[in-house]
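As structure tokens, one chain now follows by itself in the form predicted alone.
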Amino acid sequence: MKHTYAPIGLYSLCKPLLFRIPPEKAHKLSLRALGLAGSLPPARYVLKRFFSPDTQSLSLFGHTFINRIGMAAGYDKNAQALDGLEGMGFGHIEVGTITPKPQKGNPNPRVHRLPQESALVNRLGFPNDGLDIIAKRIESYCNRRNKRYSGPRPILGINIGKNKTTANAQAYLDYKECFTRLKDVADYITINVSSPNTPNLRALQSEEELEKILTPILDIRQKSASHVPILVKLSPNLEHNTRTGMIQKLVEWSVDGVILSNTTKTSHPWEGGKSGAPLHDATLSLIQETRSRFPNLVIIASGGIGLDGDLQTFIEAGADLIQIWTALVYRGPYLLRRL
């Protein structure tokens, strides 16, 4: 079924103006606005008053999620707007993807809107400020967040990857370095091997390659005082048997959950990863299929979620949590209360 996203409330007035701005520039402006709003307690109050959803909490892998709605990785790659996203009412926020070394990503233009489909195509390629700078921002944010909450608080997930210049044979070293630095500040860490925009990254989606990445990480976690949950983000373009076999191995290796899934690879009208409304039905089917095969696995649904009532739709399909991003571009921040 074809779905499209309609703007909600006052966003219907703002959207035409925002869509006159190139998409990546509009993205950066929104980050700056949220970063500024998040730094001001009255502004955080206003964000919460207008946008925060009223949904039930949930306990997963030792954490209480104040609600089931999360901001997907890729929006706040550099941890610049965490206070503002917290103020909007997200139950969890996933930052990144973070790589050990800073990198610029792919050349511009690298983000395109497809308004007729309520979709985006990106080929960003993990642009980020690098592990050292982002880790310091995250540590600072966690100190502020922990002072604001005496009880359950927004959950911080951190999405990690490899640098473009790192050969796949050495990819495990990049993941290990990021994990080691971030394990004590993250509420969970996501291993991203599924972006279509970093050359050869998706080749890491095999049992052999994942075992090579996860073995040192699981060993570090076992010896650590903080037993940080580990999730793996998989591609929607995997063959059924390949995905099922990989998830079975992840369960055997005591990985805590999976994120299903990432952008879907496309070459028309631009090459990159497509996100947004066209992914809705495929993601829903993928969640149903995975839940039926793995009844006890933690599953976060990501991809094409943004219709009114989608939270309940995806929970009934088997998701524990959901993540959004592209739908916010088309529907606006009131979406959190409409899900």
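Just count from 1 along the sequence shown to find any residue number. Being a predicted model, the structure only gives us computed values, none of them experimental.
Just so it is clear, the following notes concern the form predicted together with a small molecule, a form of the same protein that is not shown.
#### Entry: Partner proximity in the predicted complex: residue 90 to the small molecule, non-hydrogen atom cutoff 4.5 Å
Judged by the heavy-atom cut-off of 4.5 Å, residue 90 is well away from the small molecule in the predicted complex.
### Task
Find out whether any non-hydrogen atom of residue 321 is located within 4.5 angstroms of the small molecule in the predicted complex, and reply yes or no.
Output for residue 321 is no: heavy atoms all beyond 4.5 Å of the small molecule.
### Query
Given that the partner is absent here, does residue 73 sit within 4.5 Å of the small molecule in the predicted complex, heavy atoms only?
The answer is yes: residue 73 has a heavy atom within 4.5 Å of the small molecule.
### Query
Can residue 204 be called a contact residue for the small molecule in the predicted complex at 4.5 Å between heavy atoms?
It does not: once the small molecule is placed as it appears in the predicted complex, residue 204 has no heavy atom within 4.5 Å of it.
### Message
Since the partner isn't included here, can you check whether the small molecule sits close to all of 192, 261 and 325 in the predicted complex (heavy atom within 4.5 Å for each)?
### Response
Yes, the whole trio is in contact, each within 4.5 Å by some heavy atom.
### Task
Can you check 137-145, 181-189, 94-102, 217-225 and let me know which stretch has heavy atoms within 4.5 Å of the small molecule in the predicted complex?
Contact-bearing stretch, as computed: 94-102.
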